[in-house]
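Given next, in structure tokens, is a single chain: the form predicted on its own.
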């Protein structure tokens, strides 16, 4: 009998032990001064790659609206008597225009058709603003045109969706405007402009044909696609880096991004062949040009509207080093670098100068007399070697001499380490730049193992701008699957924990059209009507919306929670609210019980998690909400048996502190937010 009782006691004891949640114990030190988190910590990088600008964020619907592509009619279908002319137009930097003539028979038609990029998306009940410049070119003093929104591929009896007649009444170039309303939603519509006059002598010249949704982001006429711009605003970014990226360099210096070509009247901004047009031979898009419509003024405006610090990047006088043999001397000679340096100085004047200054006046004439309060300027993109170093230093000295308040962003080259990286970091330290732009597109193993990357960096000298990074799946699919996002979230705990070293960061690239991409993964995918926020997007959003003001020590066994088994974590405090914010990633497949030792006086809490059972699952345009953050309220009521240290929930500790225990699911990124009284 005694043996039976002893065995039963042993069995119950073992059962109790096996039922106890095994977990980790982390301590938040709220008495520490903490490390300030810069408001610029989490931001956005925009480059016109994957049709991110023209055909994407820039809301213009017409491809080659000024007939200035190398083939002036690329993007257009013509019918009847259509002629391209290049003299006598209204805009000196966009000289081409088209002339439409009577087609020769009352039944025949003469006109143009444009399908935008991958079709023109139209939404039921929405208005579209058509503008163009025109003049009569025949004997009649007035000539009729017909503007049509249509659906060429419809099975309906009538392709036409909306029609408006316009009468051109002058032989002088005049701007015309008309509103067209879509009666139904069409993913791949088109626009037609027809000569609508039976007079045999009728002819009309047309230039800069533009079609915008009336409902743009913040209602701007030369505006942004509303859903895509809103996705940017919802990231709560601290910075907006623009316009790239490799397009800053150009394949050649001739097609580098030149900011002065992107300001002033939009009709007279010259086009540029996008550096990404032919870069990927297997995914080539010969109609990929930059209209300049989304230019530096619009980028500055966007930064202002979404509450981000603008971080423009300018050419250092070097074409893309990956695409040019230095023996061909593709770069600006050193003795001619003054023009490029002056462009940098003029940009600062454009952004910050008084309205009486040359470039401040241009900004004011565009509608923004107040300065944009530019604080940062990046010089060059991913250059390296002696050719870069001997060009970078003159820029640095010129900017600092005239604008010592501007913080200079240098570069460590295109790779996350190695000889070029080390050489450039040494040079950036010698020159005492303010920030160094690091880029790393790497595989899952790198992001899994390098949450401590910046633990080893010097605490003095230039700060880090993690300006381009993304986890590229090692499964052979460079897609936005959940596991890549989870590993990014884990890695980012190291960015935040080292906020004294890392001042800025931005995932890259941001946008991709599903029919027009050259690079993936990307943060936000879209088609003509829809937008999909990737799992990586939600990681970025959760960090930015919960960055806090100061990083507090979060330790486990007296050490930072970095590569602690499957866990990486960091803690911050929001000085405005007193909230404690813990971000933690569980990379393992199984749940863990995590315990946080916290200060007392916490009154409420919630936890937001991003989770998927399938590591290679992802959001799609058809199912954009398949994997999204889920927020739940946490119960901070002390448990009934505070002596039982294994119970989940809250236990009161000595000194007025508490311990919160909860189960964190496998393959989960979580943000805990604890509120004070």
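Positions refer to the first chain, counted from 1. A quick note: this is a predicted structure, and the numbers were derived from the prediction, not measured.
If you look for the form predicted in complex with alpha-L-arabinofuranose, you will not find it shown, but the lines that follow are about it.
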Could you tell me which one of 207, 298, 309, 382 places a heavy atom within 4.5 Å of alpha-L-arabinofuranose in the model of the complex?
-> 382
Among the candidate residues 245, 250, 121, 237, which is the single one with a non-hydrogen atom no more than 4.5 Å from alpha-L-arabinofuranose in the model of the complex?
-> 245
Given that the partner is absent here, does residue 276 sit within 4.5 Å of alpha-L-arabinofuranose in the model of the complex, heavy atoms only?
-> yes
Is there a heavy atom of residue 438 lying 4.5 Å or less from a heavy atom of alpha-L-arabinofuranose in the model of the complex?
-> no
Answer yes if any heavy atom of residue 58 is within 4.5 Å of a heavy atom of alpha-L-arabinofuranose in the model of the complex; otherwise answer no.
-> no
Determine whether any heavy atom of residue 488 comes within 4.5 Å of a heavy atom of alpha-L-arabinofuranose in the model of the complex, and answer yes or no.
-> no
Segment that reaches alpha-L-arabinofuranose in the model of the complex - one of 250-258, 439-447, 525-533, 384-392, heavy atoms within 4.5 Å = 439-447
Any residue of 58-86 with a heavy atom within 4.5 Å of alpha-L-arabinofuranose in the model of the complex counts; write them all down in order.
-> none
